[in-house]
Structure formats: structure tokens, C-alpha cells
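Listed next as C-alpha cells is one chain, alone, in the form predicted alone.
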Amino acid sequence: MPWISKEREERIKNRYKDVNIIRYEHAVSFEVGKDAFKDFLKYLKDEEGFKHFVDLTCIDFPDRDERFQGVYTLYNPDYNERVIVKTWAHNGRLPTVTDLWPGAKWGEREAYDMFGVEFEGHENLKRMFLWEGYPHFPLRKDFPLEGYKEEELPSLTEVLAGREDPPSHDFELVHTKIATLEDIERTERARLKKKAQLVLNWGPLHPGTHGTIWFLFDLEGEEVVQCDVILGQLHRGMEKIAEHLHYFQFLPYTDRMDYISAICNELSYVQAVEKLLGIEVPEKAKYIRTMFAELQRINSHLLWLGTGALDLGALTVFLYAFREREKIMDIIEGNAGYRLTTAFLRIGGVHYDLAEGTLDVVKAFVKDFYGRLKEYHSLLTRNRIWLRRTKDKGIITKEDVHAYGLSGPVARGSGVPYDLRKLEPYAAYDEVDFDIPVGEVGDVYDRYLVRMEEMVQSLRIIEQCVEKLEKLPKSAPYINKKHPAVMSPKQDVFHDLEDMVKNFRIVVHGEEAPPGEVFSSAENPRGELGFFIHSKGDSRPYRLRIRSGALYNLSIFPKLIQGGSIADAIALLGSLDPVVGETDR
């Protein structure tokens, strides 16, 4: 995506003389003092058009007096420009920006949870993924990767009774100690005094929550007065892990975020690393990536369709959708060797060339799938029950999209054509023709129609990729092994001494990444999946931030369900389509 223009940059610099501008090849950032920080952000939003909130995070520099730097990413939808704003936390404190962008509420809570940075003015600053009362902050540089020994932890009863605070933790151990009956009852008793007459627990192990998410509803009769969303039960500390791995070693972890869309996750990650390292990808690899990303998008949307319909009582659609998913999974398995967590992409290309007969199988699938989509429409689109459960439910406005940083089908369902495949074309998306479907009302039904049409557009893209790949010679390279940071294919290592030595060097010492910063995003089926990399020139990222589209899309749920019913919650959550592996990371 184009970063802020030189003209706008000069205008900002003339108004704010003390702003420090840092321009990298793939990122532009403004460093602002804390006193002028809020005024600067308000100016960017109101006068320069950067009204779309993308992400916020922090970086820890323990050698500095003011060790924590806040990093805010914003987007101008009118001019298709992006910018990063940075400021240093004074005494570990930053001002909240939730009055400018409500979507920053969860981002600030996560930064507080992971770094201990306090956001002045935040209405409900509490832990996002770890439990309240835990005294440590995992993304600080002095927190050990391996965590702490189990015997150092007190029992949960001691913690809840307030007799002893837990000194430290191991990531897996934490989440075996959170959701107990005692903890739930204590939380309910505290809330009953303040909210409504009844508190209903939904999840964390309920099929309608689409993963291990825990919802607390305050009810007055059937009406939801207020809702809390409790995450963290799949939190694995992926950003912490990334700081201790070479760039190529982190690739399999991306599969385990949105595990329904592994190839799309991989594509977003490898592109960020390729931008940092200056790696060009061969043409054949670009088309293979694009074709498989769109197959994965259809695969993901089919799971959304089948489970969302099942939640509302439509069993037949669930069975039909899984019938087609099996065909896609077979194609993926035939090329990657795995059905779910594929690790198929590589920095610089793809792991394998296309398996024999792949294009013929893909063409047969595309031809058949057009008819299958008509079956789905005949079952749902004009079904009276489906219409009553989805129309005018959970309406999201265009203003909500920008304020909460919504993306993917959730944003497009509200009439905002925010699609990174068009706005910042990557892989082979600038070489194929497709349309961006958008909704009009922004309700659950519009989000359903958008995803249904997106599958049609994915078929168009796949057809064009197949046509192009058929014209390319079979010997065309599928990975840029000439680049010193790209590992050579295994078969080349067995027959070429140079390839063997290069791979050995990368495995042992890692890639030689230059110092700098990159923020790169791709269009995951759930929305914008971005990777922010701060490099100090090491073979490992100093800071790797994962911008989860599913997390920010889910953040608007408490607002949407307010005044609705529990039955609405089922349809509404299904239309947001979160995957907890990505929200929790």
C-alpha cells in the first residue's frame, strides 16, 4: 500500500516542527513527543483524512530511560495512504486514543497486558489474555522465553483468595488455571452488583462460539444490556517466540493462527520478510501463491457458511459445504503434503513446484463449483427463516468500519471497498481481473451475500491463474534460490555443493536482514492480516507484531449485541467469523 505522500509529509512537517520523520523503503513513521501526541493524531484524523484505525502496539527498548515506544498505524481511505506514528511512553504511560478510535480499546489492553504500559483515560484497562493480578509482562525483553518453573507458581485458590500473587508463569500452565467454577462465580458476583439482573455465560466451550471464546452477557429478560468478551485461552505467545527464531523458522507458526487459512497466513508473513530482505519472487511462484490463496479463501468461506448455517438450524448446507471443502483439501494435500497446516510457501517462492495434474484437477473443481454455489443460494438466500435471522441484525456503519479498524468481508459488507488485493496488489493480483463485492445495509445478511460473491470472484481469479500457469514453461523457477537469504529446494541441496553450503549457513546463522522497519498486510479471509517487523540488522526480528483482522473484527461485538437477544448473538458472531487461533496468537 502506498505510504504517505511527500506533499502531505511536507505539509505536516511545516505544521509540527518537532516531528521526526523516518522514511524506510516500505514504511514511513512520524515520531512525536508525548505532549503533542494526541493533538497530532487528531490532526491526522480530522484534517489529513487518516480516519481508519489499523493497529497499535509497543516496542521495548530496555536500555533507554523511556523504554517503551508506542507504534500506531493509520490509513487514509480517500487517498489510499498509510502512516505509522510513534511516541515514547513517559514513566510507562501513554494517553488513550479510544476517544479518537474506539477500536483501540483492545489494542491498548493488549499492550498493557504484554508490556505493562498504562493508557491514561482508558475506561477499562485490564488484562487482555492473562489473568488479573498476574505481575509480569511477557513481551518485555527481560521476560524469559521459557517462562518459569511450575513449582514457583502458587495454587489458583491462593491467588483468588489474595493470599499470594503468582510470581511468574509458563504459557501453557496459565490457561489450565483460569476458567474454573470458582473464578466464574467470583466474576459473576462482582458483575451482578453493577449491571443487570442475570449474567449468562456463553462459552468458552460452546459450539456456537466457533472456538474457545468466553462471553458474559448481562441480561434484562431476553435483552442483552452489556457484554464482555474474554480471550486468551489459546494464547501461545507467538510474538515472543518470533523474537527468538530466524525468519524462516517462524513460518510454521503462522499456519497455527488462522488454521482454516494457513496458506493466506503464510503469504502475508513471507511478503513482509521479502520486503525487508529485498527478495524478488519468480513469476510462476506468484501465480501459484495467488491460486492457492484463493482456493484457501473458498475453503475458509465454506467452513463459515456451513457452521454459520448449522448454528441457525440449516444442517443440509453444512453437509454440502464440507463436501466441496474435501475437494479443496485434496488439492492442497496433493501439492503441500498436508491438508491443514501446510507450510507450503517459502521466503522467496513456494516449497514445491505444482504436482502433476494439479491444473486439470483445479479446472474440474472450478467448473463444478459454480453449480454448487447455486445450490447454496437456493437453500438459503430467499429462505424465510434465514432472512428473519439475518436481515437488519448487527448493522455496522461505514463510520464503525474506520473507528474499529474493521476489514475483510465485515468491512465490505458495510459498503467500504477495503480490499488489499486491489489497494496494494501483491502476488499476482495486479495481473488478474476481479471485482470487490460490497453491501448496502451492513447487517448479517449483507455479510453473507458478500462472502458468497467473494467465492465467485475467487473462482475468476483461479481460472486466470490456471490459464497463465499453463502457458509458463514447466522448467520456470518457482523459488528465487539465487538470493543469498533464500533456501534452495531440497533436491538441489542433494546435487549441488553451493546450495548445500548456503542452506547450512541459513539454518545455522539465519538470514542477514538489514536494519529497518516493514509493515506489510495481505487479505486474509477474515480481514487484514499484517506483520510489523522492527529489525536491528540481526538474523531475528527485534520486534514482530501480528496485526489480527479477526481480533479487531471481534472487538465490535459488544457494541453490536447491545439491545439484542441471545439468538441474535449466534447469527452475529457467525457473521464476524473469528478464528481464535488468530485472535489469541
Partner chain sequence: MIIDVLIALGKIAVVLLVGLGLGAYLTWVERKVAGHIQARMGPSVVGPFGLFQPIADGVKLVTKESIIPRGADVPVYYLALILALVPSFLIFSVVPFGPSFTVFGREIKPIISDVNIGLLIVFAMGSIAVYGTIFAGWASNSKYAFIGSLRKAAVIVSYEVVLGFAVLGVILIAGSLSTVEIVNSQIEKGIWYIVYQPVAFILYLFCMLAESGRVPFDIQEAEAELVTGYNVEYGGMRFGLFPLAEWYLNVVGLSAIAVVLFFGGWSGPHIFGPLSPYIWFLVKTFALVFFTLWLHWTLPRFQAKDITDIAWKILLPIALLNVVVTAFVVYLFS
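Positions refer to the first chain, counted from 1. Please read these numbers as outputs of a predicted model, since none were measured by experiment.
The same protein has a further form, the form predicted together with its partner chain, not shown here; the description that follows concerns it.
Its partner chain is not shown here, and in the model of the complex it never comes within 4.5 Å of any heavy atom of I22. Contact annotation: K502 falls outside 4.5 Å of its partner chain in the model of the complex, judged by heavy atom distances. Its partner chain is not shown here, and in the model of the complex it never comes within 4.5 Å of any heavy atom of L139. Although the partner is absent from this view, I570 contacts its partner chain in the model of the complex, with a non-hydrogen atom inside 4.5 angstroms.
Exactly one listed residue, out of E132, E222, D78, D360, brings a non-hydrogen atom to within 4.5 Å of its partner chain in the model of the complex: E222.
Put simply, of I436, L379, L340, I241 only one has a heavy atom within 4.5 Å of its partner chain in the model of the complex, and it is L379. Shown alone, this chain has one stretch from 380 to 388, 418 to 426, 290 to 298, 86 to 94 that lies within 4.5 Å of its partner chain in the model of the complex by heavy atoms: 380 to 388. Here the marked residues T57, R64 and L234 all miss its partner chain in the model of the complex; none has a heavy atom within 4.5 angstroms. Of the residues in 311 to 326, those that come within 4.5 Å of its partner chain in the model of the complex through at least one heavy atom are, in sequence order, D311, L312, G313, A314, L315, T316, L319, Y320, R323.
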